[in-house]
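Below you'll find only one chain, the form predicted on its own, shown as C-alpha cells.
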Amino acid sequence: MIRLLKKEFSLCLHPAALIMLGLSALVLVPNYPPSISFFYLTLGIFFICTSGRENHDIAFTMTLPVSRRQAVLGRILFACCLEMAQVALAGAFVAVKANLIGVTENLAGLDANLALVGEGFLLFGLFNRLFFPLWYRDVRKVGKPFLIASAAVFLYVVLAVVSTYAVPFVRDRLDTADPAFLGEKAAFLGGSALVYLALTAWAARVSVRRFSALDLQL
C-alpha cells in the first residue's frame, strides 16, 4: 500500500488538487461560506480521476503486482491523505484568524472555529460515500458520479448554513467564537471524524465489490 501511495503521489497528483488545498485560506474571508473551501478539494479529486482516465492509469495499475482491491484502496487512501491535509490547513487558518486577525461573525455559515473543522469531515465523508462507489461502477465515466456527489455536497452546504440560523444548538453553541462552548465543539469534531471514517470505510467496501465485478475494457 505504501508503494501504491507513492505511485499515486508521483504519477496521479493533479496540480489542481494542490491549488484547491491552498483555497483553505478562504476561511479568512469575511462572510464567505467556509464549507465551500472544502468542496474545492473534491473538484481536485475529480481532476485526478479524469486525468487518470485519459492517461490510462487504471490499465497501468492493473499491470502492477496488485489486486483490484488494493488498487481501489490505494486511490481512496490517496484521496483521504489530501482530505486530511485540507482539514489540517483549515484548522491552521482557523487558528490564524482567531489569534492574529480576530474572529468576526460570519453571516454565511459557521464562524472560524473548531466546529468548522468537523464540518469539513462531514462534507468529505459524504463525498467519498457517493463518488467512489458510483465511479467504480464504471471507471470510464467520471462526470456523472461527480455531479451526483457534488449535488449532495451542495445540499449539505446549504443545510449547514441554514442550521446556523434555524437550529438552536448550532446557532447558540457551535456558531460561536472559540473558546466558548469548546467542549461541545470538540465533541462535534470527534463525532464528525468518526462519521467520516465510517462513511469512507463504507465507500471503500462498496467500491471494492463493484470494481472487482467490473469487466475492464481499458
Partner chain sequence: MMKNEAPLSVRGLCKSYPGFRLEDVSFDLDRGAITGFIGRNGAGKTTTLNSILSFVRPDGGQVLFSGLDMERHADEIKEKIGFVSAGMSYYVLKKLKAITKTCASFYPQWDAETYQRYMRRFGLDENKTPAALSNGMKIKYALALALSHGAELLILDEPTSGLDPVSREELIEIFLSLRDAGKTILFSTHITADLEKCADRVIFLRQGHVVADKPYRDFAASYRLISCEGALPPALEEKALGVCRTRDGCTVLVKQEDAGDRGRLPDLDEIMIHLDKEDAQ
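Numbering follows the first chain given and starts at 1. No experiment lies behind these values; they were computed from the predicted model shown.
Omitted from view is the form predicted in complex with the partner chain, to which the following refers.
- Not one of F169, R173 and L182 places a heavy atom within 4.5 Å of the partner chain in the model of the complex.
- Here the chain stands alone, but in the model of the complex its contact with the partner chain, taken as any heavy atom within 4.5 Å, falls in 55-63 among 28-36, 55-63, 158-166, 182-190.
- Out of the listed residues L21, C12, V206, V195, C12 is the one that sits within 4.5 Å of the partner chain in the model of the complex by at least one heavy atom.
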